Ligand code: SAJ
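In structure tokens, the next block holds one chain alone, the form predicted alone.
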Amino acid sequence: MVNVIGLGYIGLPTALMLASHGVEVVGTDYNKELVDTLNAGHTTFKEKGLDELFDAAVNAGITFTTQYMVTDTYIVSVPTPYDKFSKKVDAKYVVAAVKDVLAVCPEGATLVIESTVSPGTIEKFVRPVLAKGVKIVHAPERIIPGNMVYELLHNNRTIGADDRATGEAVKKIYSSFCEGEIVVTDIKTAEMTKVVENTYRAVNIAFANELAKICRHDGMDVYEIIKICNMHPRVNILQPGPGVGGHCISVDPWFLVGDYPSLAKVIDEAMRTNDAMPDFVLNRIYEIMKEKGMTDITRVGLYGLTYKENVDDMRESPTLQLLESQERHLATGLKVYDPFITADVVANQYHNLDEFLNAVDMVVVMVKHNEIKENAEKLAGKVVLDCHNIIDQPGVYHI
């Protein structure tokens, strides 16, 4: 039996995937309300294919509880935030989960840490609390909201272990569902590879965002320039945007900055560039309002609250960062709408597209949900700041 600890965006799909592929699974989370929701037959967030996977796992016998199980294998998938001052990883949730497991696990059990951590975190924070005879493994998650089910099945995986036999035993568990290549290596290498993957993407996004700022400064079309440059066979520039969110690209690279401050100079600057984009968008709103003679900020609306398109995940979203920046400047009033966020999470939030559009004169497209692409004609007559270059209408502004 596998006891999956933490039933959030990563732990729940992992538990469901294992159970639906013949592994006996118990999912554990300290959040009783979350566990009760799962036991009542409902998933706790929206994700393509997740409900079908949930039904398959339930039919296969998965159970959910707030209790830790006595078994031989545990998969820990809990958050790993970073200290915003030092930029170092905060391993308190991982350590707390490991301690809770150690209170019940037998000698010889294997603890698999799926949470993303900086290189050396397991050696520094987890190994000192391990009981004798308990084996530790790092198998960092590699999935993205919006495509979790497919990526769980098809993405390559990395297993970091102290010895080959332990690594191969954990590889066998993941092989129950993973069709990608599974590489077994040492723990520190596994820690580093996951952080480096997200850092690579963050640096490349920062390059695109910096290009957008340069082109804005000198009146050039960044999208035309990127399109032409990408015709070169060895060039693949990403698209700029209003910022970076989620719990991977906006967080993990800071681990390297925190641990190697005198070495991670490019990474540090890239992260600062991405973090500055919501403020850049806020300034663009000011510039456009001034150009258009608009004075009422309450007639400006932000379309999109999530950190990426077609998901309900708001973690570290650029829109929330922008609203926080506005509040720091002692200003309020921007209206907000997102089709995927049904609860009231911010002030001046709408839950119907038409009502939202009727209440604003200027729309800032922060997230490229399919809904806004399919209803682009409804933006006719509005002042539009399109942060993703998806609205093909005359007079649209860009970052």
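When you see a residue number, it is the position in the sequence shown, counting from 1. Just so you know, these numbers come straight off a predicted model, no measurement behind them.
Here the subject shifts to the form predicted in complex with this ligand, a form of this protein not shown in this document.
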Of C248, V137, V94, V89, the only residue with a heavy atom within 4.5 Å of this ligand in the predicted bound form is C248
Just give me the single entry in V76, V244, M271, I159 that has a non-hydrogen atom within 4.5 angstroms of this ligand in the predicted bound form. V244
With the partner left out of view, is E197 within 4.5 angstroms of this ligand in the predicted bound form by any non-hydrogen atom? yes
Partner contact for D252 in the predicted bound form: this ligand, 4.5 angstroms, heavy atom: yes
is_contact(I143, this ligand) in the predicted bound form, heavy atom dist at most 4.5 Å: yes
Contact label in the predicted bound form: Y303 to this ligand, heavy atom within 4.5 Å: no
At 4.5 Å between heavy atoms, only one of the stretches 284-292, 117-125, 178-186, 233-241 reaches this ligand in the predicted bound form; which one is it? 233-241
Let me test this: is every residue among R201, I205 and K308 within 4.5 Å of this ligand in the predicted bound form, going by heavy atom positions? yes
